[in-house]
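A lone chain, given as structure tokens: the form predicted alone.
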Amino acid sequence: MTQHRSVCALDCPDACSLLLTVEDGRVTRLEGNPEHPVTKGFACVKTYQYPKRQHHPDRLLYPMRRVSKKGEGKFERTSWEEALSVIAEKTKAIVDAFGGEAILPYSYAGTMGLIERDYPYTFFRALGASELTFGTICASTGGAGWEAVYGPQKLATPPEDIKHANLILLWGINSLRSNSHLTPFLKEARKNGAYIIHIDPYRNETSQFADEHWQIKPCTDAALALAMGKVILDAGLEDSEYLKAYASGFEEYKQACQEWTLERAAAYCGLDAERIREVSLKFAKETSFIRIGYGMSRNEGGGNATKAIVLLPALTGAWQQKGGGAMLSTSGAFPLNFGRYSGLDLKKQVRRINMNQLASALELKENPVKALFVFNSNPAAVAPDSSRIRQGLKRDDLFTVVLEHFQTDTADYADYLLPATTFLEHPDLYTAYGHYFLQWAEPVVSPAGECKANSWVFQQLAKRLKLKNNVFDWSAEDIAKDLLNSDHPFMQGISFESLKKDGFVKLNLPEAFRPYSKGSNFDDRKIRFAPAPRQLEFKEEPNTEYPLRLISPPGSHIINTSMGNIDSLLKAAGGEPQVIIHPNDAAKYGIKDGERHTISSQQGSILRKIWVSDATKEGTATALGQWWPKLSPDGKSLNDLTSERLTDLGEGSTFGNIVVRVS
């Protein structure tokens, strides 16, 4: 029996430091590292189950080639030599005949390790392949909203400082599930007298943990934030000196706030006007902190909503107070040397494809996509308009390569299915977007079967295609050392050798790190209050045909589709995907608890089990988590209902924008 240190690679702000117990080559226990100042010795309910995933009997162990029609999921074993040779030959033939843009890589955050997530793009950029816009399927709008206000570097109040806040707003985030390691800091703040309010249409674990829950109507967050701004301005509680020094466009913002009286906002958002007033005044008078989630940004007005919310701590000057301010992401604080490891130095002006519009990309007639490489993602489940994606994946002239741990819905359409290592089987370097610790992880166990790391696969393909770049010869340690080769003050004193020895190290931040206490990251240090945020009118609104707004927050037990085939988690999540309907809506449409019903949108329809509960807002249908389509009762994805419509900022997904009927 041996114990090993690692880092959780799942898409989560916590980036936990883990301790793994290994017996006879098998991981038998996983726990949080008690020495890590944020992990604090515990892991989430999902990650605790990772040993079951690591040694799951359905793990892909050998390279496979398709022997049936696409989508039927029938494969036979082949060798790595044969698979790589054919893939290289097909890729070369496509590039020669159609150009590099006919190749499309599709990946996301199946691992958050920088090397296995991003290094493969060196291969595609050397080919001149099409690029994915933003490289994120769900976070670009929140990021764009934040950066429109504070500049091109997402920073946040350190989680360790939150204990000094007196009023905490958890806005559009189920933090106990999707940022669980914030909870000890929230508890410290509460012990020190802080009051915690959860703002979310869905009453969940975080609502029960909070002192108060505001069950806001979906997609009305900008109106609430602007109304709070008006209360603060009318009371003269804005920080005039801070604004004079660091605000631009403030008059336009003031005018935008004046449109949202308390009465109007309360009716629009479904909240109590007097309570909005009381909390707004407290927000201005106390040390206040907002933890904002990405979920509330995934709609047509999500960028404006993000801007309206994150301007509140600037309005009151909360950034100057220890524990005050806000958090969306800390990702902008990691000033690594990103130039070469993902081929950014090779980047060319090529076609860019929004990963939320993969369905349309697979239907292009001019300059069509002829080869699709999928890794760290399952687009047949997670991308919008999934039924059209499945049709596109069936194309006989589309050569598809999938690198995976399991035979997912997307894998069923692969021409070649390649077994990938898990984060416990390869080394990698990790940043975070919920704290300021940089981490390195060594392999914990040997790769299962013939599994290979993503980096190895694309290095081998690069050699077969005779791509000239010395990066293709680098080891994982070489890549990490190059990434760490930064002269930014935050990186001073951090070497690869020390990081490898200790496993984690905090960035070299100033002792009193208050990221926007002296203005924004723009060159002029001004925080952008203009263009002023607005509560937008949506093109997709509830109507007589589709009367309910559908939202899809994370489920309690499933991380997107990464843990989507673990029996214990599926059982804990109810055994099948569920949609919550408010009792008043259930009575109106003749729906009984526990029944399966058809849920339809303009894009398609799915069959789901209905849970009748006031945990969801009236007029709102809440789908919990994203399940593998093949494990759903109708074999369909929740995203059969979603459209390719994009958000107001950042060209992001509108997963929280759908209007549906239940019949």
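Just so you know, these numbers come straight off a predicted model, no measurement behind them. Residue indices: 1-based, along the sequence shown.
Although not depicted, the form predicted in complex with a small molecule is the subject of the following passage.
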Should Gln626 be classed as touching the small molecule in the model of the complex when contacts are defined as heavy atoms within 4.5 Å?
-> yes
Closest heavy atom of Gln459 to the small molecule in the model of the complex, within 4.5 Å or not?
-> no
For Ile173, is any heavy atom within 4.5 Å of the small molecule in the model of the complex, or not?
-> yes
Any non-hydrogen atom of Thr421 within 4.5 angstroms of the small molecule in the model of the complex | yes
State the residue from His181, Lys307, Arg298, Arg390 whose non-hydrogen atoms include one within 4.5 Å of the small molecule in the model of the complex.
-> Arg298
Heavy atom within 4.5 Å of the small molecule in the model of the complex: which of Met327, Leu403, Ala265, Val369 fits that? Just give me the one.
-> Leu403
Have a look at 188 to 196, 266 to 274, 123 to 131, 290 to 298 and name the one stretch with heavy atoms inside 4.5 Å of the small molecule in the model of the complex.
-> 290 to 298
For the three residues Gly142, Ser632 and Glu651, verify that every one has a non-hydrogen atom within 4.5 Å of the small molecule in the model of the complex; reply yes or no.
-> no
Closer or farther: C-alpha pair Thr136/Ile115 in the model of the complex, relative to this form, given a change of 3 Å or more | farther
Closer or farther in the model of the complex, the Cα atoms of Phe134 and Tyr106, when the shift from this form is 3 Å or more = closer
